[in-house]
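Just one chain follows, in the form predicted alone, and it is written as structure tokens.
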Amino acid sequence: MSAATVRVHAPGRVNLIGDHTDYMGGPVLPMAVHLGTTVVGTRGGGVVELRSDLEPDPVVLSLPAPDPTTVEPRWGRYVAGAAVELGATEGFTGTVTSTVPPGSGLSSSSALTVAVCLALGATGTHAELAVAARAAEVRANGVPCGIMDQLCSVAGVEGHALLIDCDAMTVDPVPVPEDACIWVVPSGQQRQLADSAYAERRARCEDAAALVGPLPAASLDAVEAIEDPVVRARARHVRSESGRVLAAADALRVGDLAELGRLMVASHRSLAQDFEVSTPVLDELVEGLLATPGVYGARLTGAGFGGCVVALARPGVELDGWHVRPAAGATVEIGGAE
């Protein structure tokens, strides 16, 4: 009898507010979106072989998988990262399709990694799956990312954003009102996270935490007393952004979209000025959106350095991007033998 068909879907995510707080144990407010990555195939044998609709070359890995950083094509590094992290001994042959635009800030790499981990048989709680997928992604690209992307992809709730405490890894679903229209607008500026200053930003935050303690709950006076102006600015963003996330969740719960929009704008200003991860292209896009009738707020989403802007608008407003819906988290379906 032939092997059963395995179908895995992992959504991308958009972060409404709370960037560069997750790896410091702070709160974030993302939502899984209806755009995602799907892996379909069969388990068995000692080889992982995947073909993607977005990439010209397939990934073929003999198990045990090699060092992910040596794998070509480069997208196969996420596949190898998952196989190495899970200690995979059973292969998988199939296809990868995705509606998440790469480099857009919608976490295409995490959607791929979560999907591959599940296709290879990963099990556990949402937190355990997210931890495994995060470790696989770090193996693949060397970027010391936080847990937000993977946990949101795994634990998404349809119709809700997720207030995530990235220290405790708890997830509190927050309903998204029907009249809250969330758009993701591409800047046209491609973002390559591994080539960015992401790791440097994290290092400066860790320098600050060594001086004043965990940044999400640090004393504002203590943050302002940090002598190094760059370290002080990075810390100020994490501390202020953590407060904005909690306020944004409160605003979303009561349907105060004007307040949520105001907080999104304040977040963008902080990311641009204190964290210095915006670009002139992103700043111009945000200002243009804020001048559009019916738009409550806009901010860069993701790590910055390019990619996309997330905008909150009234129903009926049409923007030049993707109108995203809050979606459920990753799923695994095992069908009958072929």
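Each residue number is its position in the shown sequence, starting from 1. Keep in mind the model is a prediction, meaning the values are calculated, not measured.
Absent from the display: the form predicted in complex with ligand GLA. The rest refers to it.
Exercise: Ile182 in contact with ligand GLA in the predicted bound form, heavy atom 4.5 Å: Outside the cut-off, so no.
Proximity of Trp322 to ligand GLA in the predicted bound form, heavy atoms at 4.5 Å: No - in the predicted bound form, heavy atoms of Trp322 and ligand GLA never come within 4.5 Å of each other.
Going by a heavy atom distance of 4.5 Å, is Gly18 a contact of ligand GLA in the predicted bound form? Yes, Gly18 is a contact residue.
Would Glu85 show up as a contact with ligand GLA in the predicted bound form if we use heavy atoms at 4.5 Å? Contact with ligand GLA, no.
Specify the contacting stretch among 228-236, 119-127, 210-218, 147-155, defined as having any heavy atom within 4.5 Å of ligand GLA in the predicted bound form. Heavy-atom contact with the partner occurs in 147-155.
Select from the listed residues Pro68, Gly297, Gly302, Pro30 the one whose heavy atoms reach within 4.5 Å of ligand GLA in the predicted bound form. Checked against the cut-off, the match is Gly302.
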